[in-house]
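Same chain, two versions here, written out as structure tokens and called structure 1 and structure 2.
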Structure 1
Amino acid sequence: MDNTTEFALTPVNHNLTNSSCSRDNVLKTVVFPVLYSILFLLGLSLNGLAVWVFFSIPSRSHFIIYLKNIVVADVLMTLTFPFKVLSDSNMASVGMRVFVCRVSSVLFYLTMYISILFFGLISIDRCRKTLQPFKGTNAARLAHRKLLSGAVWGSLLALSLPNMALTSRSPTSANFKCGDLKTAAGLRWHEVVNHVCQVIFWGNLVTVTICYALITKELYSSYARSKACRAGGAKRRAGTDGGTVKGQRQPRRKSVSSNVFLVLAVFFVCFAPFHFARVPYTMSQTRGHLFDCNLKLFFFQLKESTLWLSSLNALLDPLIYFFLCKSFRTTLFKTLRLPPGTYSWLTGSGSGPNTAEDQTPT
């Protein structure tokens, strides 16, 4: 037996002899199952509605193509929650808990990184649209974006599949952990994937931050230019329409800042805590001899708490579609038979049929 396999087996034996280190406390067996059940019910309803709306919108922009990928990832992620609930609350059979380690947890992480990557691509697209507003798209570019989407799914699937295949050992005790089912190669691959996923997350966080900083800068300078221009015009017209112009610009500026904040806030709140917590937790899984069992339990609970925040993303994404995508709002209102422009006070812009389909940056 090589060292890696030995580390994987150590925690099981440790926990069997030290009940204070058991993962089966109220947090894992009650609190998180309740929280995930709520996420499942709300997430399935909102994402189900989002699928219905999106699939009646033609994929006529890069932005819509990327959002459709995110909605598919979110639906798949939401469908993994019931398995986690049953497994963590100890209501699942051993076979189902093995399935959770092998398949549903891997699918969960896969969909999480799909969303992260597409948010990065969306930020680049919004940035391009702001800096080059008159550069449109065409059938060839749309086809490229569809190919790119396929490549994103394909490469993350290739990264994740070994995590399924190499989780092939049989459980040797009733309270096994996912790491206990992994072969030596499986544990090494698990570590590699987690390093790659850290790079994916932090790379995308930097991309999103830079893109939205550029968008904000460009929009505020164009706002300042048009304000100065309009103020000059208004003065020349003896101030008759100056107040009206100012009144029209204000909501747009408000919507720009709040929408920029929304995407960044989701990235920071949902994903950043998990990626901090994941590093020591993965080490405790693959280099167990470096940690005592209380420390392993602490890192496990930290990882589980921050993982719930990441799962919350599946619920927050439909809000992002609503605020970011005019076509989504328009089609949603049509589907719900609400008049166009409903909640325009909230989004700071119209949602009528004549509004641009994916205007930057709202």
Structure 2
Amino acid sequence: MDNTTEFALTPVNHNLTNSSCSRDNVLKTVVFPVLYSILFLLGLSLNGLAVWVFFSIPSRSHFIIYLKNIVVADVLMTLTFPFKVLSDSNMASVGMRVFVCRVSSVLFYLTMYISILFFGLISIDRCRKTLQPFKGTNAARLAHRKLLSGAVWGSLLALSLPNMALTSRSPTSANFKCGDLKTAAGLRWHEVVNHVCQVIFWGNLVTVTICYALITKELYSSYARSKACRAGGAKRRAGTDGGTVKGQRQPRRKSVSSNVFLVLAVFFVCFAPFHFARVPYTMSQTRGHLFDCNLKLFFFQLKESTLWLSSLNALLDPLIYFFLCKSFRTTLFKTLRLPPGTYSWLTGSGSGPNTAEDQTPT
């Protein structure tokens, strides 16, 4: 799951070209360390607050169970950023770089794919809430979702732990790459994990796309029905009364239509670019003879840029907690001692929020 190990799938070729095809440029050693440092400071603050808030919220809905798992994954991902900063900026010792290869990078990708899987589960849950708004939950369903969450963590840990265990070779020089530390079995396992991770992403991409297509269709149908009802009511009532009804309903409809797509937006902004860039990058590493040095460097920089977008997920997820989870928002306001009308003041919605969670029973 550690993508950096792909550098050494053909170690002989790379050792020959290390001096002439160095990646130690300003982008890698300065720009990205600064960006990851900013993410670490902001992400640790926001996700620390999210953990504090969620600790006070009982797991009474599928949605909250999934969000709690995501916030744990985000905290773990955020804690790996300092190690990447030290490694990329060439400030880390040999022992620290070995730790990054064996543990930190593997943990980073583990938490990324845990988040991707729970984004897929949240999309299914939001779709179910939209299509069956009056179907509630019970203790048995909540227990099943907790078992499912445990299965997600257990399955991905089972994939990741061999990556750590099989990265057991000692570095032979100071200019080693993560793949140099892997045994032959470790390199083969790494390739298997890469394929599994691609299946996880593309499978969830299809799931998210289908779910939000169904949500969009239902919201449009609901809007068309409400518009027809308002038009029919306007013919039977005075024009001013009809205008008042329209003025009251329109902001609520707008809030639903925008907030419910936050999950979709974060998924595509954070995860989709990296997985599109990862395909040519992996080819440039496993079939190095087909690419010259400049092209390899371009794909590496593209991969690192989109990887930073994936890391941005740890900073954007609190937006989902705030705008889509009423329990989170209420507890946060109580913790910060803010008045209940703060949400309406922040969003400019006079009638209060009507988020995906609020409009359906959980």
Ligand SMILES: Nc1ncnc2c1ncn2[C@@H]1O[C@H](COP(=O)(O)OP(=O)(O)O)[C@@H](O)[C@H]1O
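We call the rigid core whatever largest set of C-alpha positions still superposes within 1.5 Å between the two forms. Just so we're clear, the structure is a prediction, and the values are computed from it rather than from any experiment. Sequence positions of structure 1, starting at 1, serve as the residue numbers.
Novice: So which is the form predicted in complex with the named molecule here, 1 or 2?
Specialist: Pick structure 1 here.
Novice: So, does Val279 move by 2 Å or more at the CA between the two structures, with the core held fixed?
Specialist: Yes, the C-alpha position differs by at least 2 Å between the two structures.
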